[in-house]
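The form predicted alone is given below as one chain in structure tokens.
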């Protein structure tokens, strides 16, 4: 009998009752074919690979991360609570040392869901990884976290949530945003004034193959992780870089994904995208599971794979090497960049419009953060949406200093219900969530 080198847990949740439409790429068959493949290949017969059943997250778990307008139960279905719960289930098993590593194969996905949620964007309503991470911080005192997002689409939601958090390293490898939704994820996107350099983006040219992805992991990601020294490594394991994916333009393979997982050594992987339902996902997921477990995956091969036809060009290799040099330079200069961004300002502001492509509307934000030398700064967001919700969201971070806590309370207390549909205080210092609504 085969035995896993690393005891590995799996959660499957296909979400039978949730789909954008019956023929949409994001539908339950995404995981049903994988589930069948795992059973057919006998992976659960390998000693040390264990299946868990997903629990659900509760409202408080969601409120540690998100401001949901008008409320959590309006923007989430039962499947969203269970999908995030599958990640939480795996996290508990890892932290309690029942397993060494875990993979949450769940849907709906979540990495396009930002701090404020008015609806669905990029097939995502709430951010499964962020909900799981903030639960870990609350329940197990986890501090420094690294999130490596290998989905083909830039993880703009996760980036937004951790934009101002120096204790969360977010590195996204994705197809160049000039060629793919959501049109973001460039090297100059580094994070806010107190956290610049904790967000790192590696846009990859279309038709990048194994060589490019593995080069980025070896030459950029692993050295940065060695220096950052996270308590835990999370892989947002999107699989839409596969050469058969109908929504993207990359040349990655199942073997490549397994090699990437073997190099990265994530403690927890959470499924994101991937829409080649029959030709890719079963093979990619089997490769990832075997790699996490430390079992030989050399025989995992999908139909139609021909490495000689999918090699990247010399020009693509040169672009990737240059991009990695730029990103590493930004990482090395992060303290100087933070000093320049802070300047002599008391507050930093940014304005932006966020497209909710799944639900078909825009959100408009005015964000203010207090520049602080003692913590990551208290955050205020004035948010309106085209569907009518106007909210004021105040976020007091986990390690907020006294001055930032007082500023957050002042923002919350002084705001008038006449001007907003909701006024919300998310206080992570004492893990509370307060809300006032228009009469």
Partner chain sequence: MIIGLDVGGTHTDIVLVGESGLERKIKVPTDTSALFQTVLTGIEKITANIPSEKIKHAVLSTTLTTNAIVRDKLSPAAMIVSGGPGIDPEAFRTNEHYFTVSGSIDHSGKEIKPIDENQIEEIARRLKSEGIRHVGVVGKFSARNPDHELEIEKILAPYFDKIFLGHRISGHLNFPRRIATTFLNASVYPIHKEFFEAVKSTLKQKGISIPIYILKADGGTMHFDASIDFPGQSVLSGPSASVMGSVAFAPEDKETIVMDIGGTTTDMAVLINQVPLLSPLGIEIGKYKTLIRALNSYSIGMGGDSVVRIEGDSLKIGPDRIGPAMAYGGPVPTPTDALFVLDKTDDVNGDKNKSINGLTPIAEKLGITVEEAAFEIFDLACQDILTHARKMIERINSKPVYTIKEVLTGYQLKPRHIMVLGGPASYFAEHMEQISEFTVQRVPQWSVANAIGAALSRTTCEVTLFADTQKGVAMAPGESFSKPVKSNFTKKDAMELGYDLLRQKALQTGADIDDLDLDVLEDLEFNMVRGFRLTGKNIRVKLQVKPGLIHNYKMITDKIAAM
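Residue numbers count along the first chain shown, from 1. Every value quoted in this text rests on a predicted model; they were computed, and no experiment measured them.
Just so it is clear, the following notes concern the form predicted together with the partner chain, a form of the same protein that is not shown.
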Inset, instruction - Using heavy atoms only and a 4.5 Å cut-off, decide whether all three of 170, 181 and 360 touch the partner chain in the predicted bound form. - result: no
Inset, instruction - Could you tell me which one of 277, 324, 224, 217 places a heavy atom within 4.5 Å of the partner chain in the predicted bound form? - result: 277
Inset, instruction - Tell me, out of 300, 264, 136, 93, which residue has a non-hydrogen atom within 4.5 angstroms of the partner chain in the predicted bound form. - result: 300
Inset, instruction - Work out which of the listed stretches, 59-67, 35-43, 374-382, 390-398, brings a heavy atom within 4.5 angstroms of the partner chain in the predicted bound form. - result: 35-43
Inset, instruction - Answer with yes or no whether residue 430 is in contact with the partner chain in the predicted bound form, where contact means some heavy atom within 4.5 Å. - result: no
Inset, instruction - Spell out, yes or no, whether the shortest heavy atom distance between residue 15 and the partner chain in the predicted bound form is within 4.5 Å. - result: yes
Legend entry - in the predicted bound form, residue 370 touching the partner chain (heavy atom, 4.5 Å): no
Legend entry - Residue contact check: residue 23 to the partner chain in the predicted bound form, 4.5 Å heavy atom: yes
